[in-house]
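Listed next as structure tokens is one chain, alone, in the form predicted alone.
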């Protein structure tokens, strides 16, 4: 008996997802795809949770509106905002509530009058929104890094306390810094490039205008609670530098955006997770966030 699975992802990362499938799920074959929506076929049941998916689960196949009318509880996701969904499906989605650990029934509107049905278990790190769409409101910010740290903060309910100190590596122009400062944290931004003037004016922001590779223990006279990075460097470089900082700093959490613009970096993700676990972080997770492109978030908590 064949088994089918679905994946919702951002179109710009589909090639990476397919590469991950060839590495981690070699027995699964691509069955059907539209930009941002892919289904896979397997001859045997598997635990399907690819890293490069915004959301994944069991695919129950293509359905007609008549077949969907019997559902008493389901969320509706549209592949494109321009699609016009039937009022009854919109109303069903809006009234449906799911709890952590509950099985979600997801109607996926892949095209005009084209519907697929899927199921997945709602995790605490999910956004509690149909299709794992971001719930972060758009606003004027210095950079896209604002949304990435905001989504990580919400998805993992990061335990960042009032005026804890955050070391941000590669902070310019200040997107992530803005979000962290809005949470009433103290931020030390390290970057030789210029920060946005609005960030420099913040009371709890300090700019070290140097490459972070040049910093050592002598640069820190106080404890650091968190290390955050969205720097545009290979994950090998970022992880090596963070591990160096861990030889003289003892943060209780890391939030790292790892760039995956080369296929070979996919194979490094599992060893990276294990390396941070060995360094005393009890919770280490990877998550592909709604605002991500060819990148993934690594969250490590003690």
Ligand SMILES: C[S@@+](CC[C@H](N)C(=O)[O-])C[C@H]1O[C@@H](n2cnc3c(N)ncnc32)[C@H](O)[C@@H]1O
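Numbering follows the first chain given and starts at 1. Keep in mind that what you see is a predicted model, and the values were worked out from it rather than measured.
Although not depicted, the form predicted together with the ligand is the subject of the following passage.
* Asked: Between the options 107, 231, 224, 181, which residue brings a heavy atom to within 4.5 Å of the ligand in the predicted bound form?
  -> Answer to the contact question: 231.
* Considering only heavy atoms, tell me if residue 143 and the ligand come within 4.5 Å of each other in the predicted bound form. => Answer yes; at least one heavy atom of residue 143 falls within 4.5 Å of the ligand in the predicted bound form.
* Asked: Just to confirm, residue 176 within 4.5 Å of the ligand in the predicted bound form by heavy atoms?
  -> Heavy-atom contact with the ligand at 4.5 Å: present for residue 176.
* Asked: residue 168: heavy atom within 4.5 Å of the ligand in the predicted bound form?
  -> Contact with the ligand, yes.
* With the cut-off set at 4.5 Å between non-hydrogen atoms, does residue 201 touch the ligand in the predicted bound form? -> No, residue 201 sits far enough from the ligand in the predicted bound form that none of its heavy atoms falls within 4.5 Å.
* Which of 207 to 215, 78 to 86, 115 to 123, 91 to 99 sits within 4.5 Å of the ligand in the predicted bound form, heavy atom basis -> Heavy atoms within 4.5 Å of the ligand in the predicted bound form occur in 207 to 215.
* Asked: Using a 4.5 Å cut-off on heavy atoms, what residues in 251 to 283 are near the ligand in the predicted bound form?
  -> The stretch 251 to 283, when checked against the ligand in the predicted bound form, contributes only 259 at the 4.5 Å heavy-atom cut-off.
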